[in-house]
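One chain is shown next in structure tokens, namely the form predicted on its own.
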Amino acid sequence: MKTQRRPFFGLFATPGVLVALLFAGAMVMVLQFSVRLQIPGSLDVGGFTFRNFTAMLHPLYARVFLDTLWLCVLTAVFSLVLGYPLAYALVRSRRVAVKSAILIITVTPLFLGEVVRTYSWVVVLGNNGFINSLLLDFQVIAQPLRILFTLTGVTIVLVHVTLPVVTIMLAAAIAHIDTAYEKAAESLGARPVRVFFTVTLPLSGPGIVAGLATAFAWTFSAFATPQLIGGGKVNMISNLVYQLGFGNFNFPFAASLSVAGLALTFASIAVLRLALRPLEKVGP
């Protein structure tokens, strides 16, 4: 069998290979920094040590890791719960105007800068922000709710960041479901709710898995949102790396936190994929 020639393969693959090599080189530098001693008062590093990794067992740093994992789980779950109805309406709605409105509202956050989007939420969630002003005007509350600089506030903004991507992934999965399966279930006497939970939802399993994994991984690397919305009271691993690296100039410890965070991300996604594998196998 004659092999097909690909005259432009090398030209197209070269930029990707160069970027991969640069990324690998940067990761090697971070890795070697993570096993070096800090020299107080100097940007130079000392000899090799594993003390940086053992120092992570301190309750202060362990709490940041746990908070990061918890925020990732909350963001992924709420993004799925809010994104699935949007994706379902986007695919199954018969009105073009409804589809266009849902698509515009869903995708618009992707066109905003992360810092601009985050500062907008500061205005909304503040003590004198839109939410508190509205509730106070309608006399629902007697004093402003404390949403800013809390875990709840950070979760709300992180969900707003990941919701567009999760919705698009779910919409792609739902669009690939053959409606003949649903019609067959209806012809056998199943009500719409049962058809959804026994046919549509299981068949969209691959989209659910992809959406959860993407939201989890994306949230794990969040920096601007917990930095501005958390106000130093809600920290994630990326914020801790910034504080230690550029605040205390402890680059070896910051590098070890980066390596540990990357390893924890891969491990968490692997566990998530393993737990959701039955859903992935059900897909069309």
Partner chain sequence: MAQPRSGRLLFWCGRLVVVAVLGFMILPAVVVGIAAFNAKALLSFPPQQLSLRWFVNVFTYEDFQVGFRNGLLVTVAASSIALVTGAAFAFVLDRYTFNAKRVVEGLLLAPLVVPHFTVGLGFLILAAQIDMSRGYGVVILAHVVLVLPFVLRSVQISLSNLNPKLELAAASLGARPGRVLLTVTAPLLLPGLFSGWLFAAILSFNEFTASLFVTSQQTQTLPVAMYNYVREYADPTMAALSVLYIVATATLLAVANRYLGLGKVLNVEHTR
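The term rigid core refers to the maximal set of C-alpha atoms that superpose within 1.5 Å between the two forms. Predicted model, so just to flag it, every value in this text is computed and none were measured. Numbering follows the first chain given and starts at 1.
Missing here is the form predicted together with the partner chain; even so, the following discussion is about that form.
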Which pick from 102, 80, 74, 145 sits with a heavy atom within 4.5 Å of the partner chain in the predicted complex? 102
Do residue 140 and the partner chain come within 4.5 Å of each other in the predicted complex, heavy atoms counted? no
Can residue 271 be called a contact residue for the partner chain in the predicted complex at 4.5 Å between heavy atoms? no
Can any non-hydrogen atom of residue 164 be found within 4.5 angstroms of the partner chain in the predicted complex? yes
Using a 4.5 angstroms cut-off on non-hydrogen atoms, would residue 264 count as touching the partner chain in the predicted complex? no
Can you name the residues of 199-238 that have a non-hydrogen atom within 4.5 angstroms of the partner chain in the predicted complex? 217, 218, 220, 221, 223, 224, 227, 228, 237, 238
Residue 39: Cα shift of 2 Å or greater between this form and the one not shown (core-aligned): yes
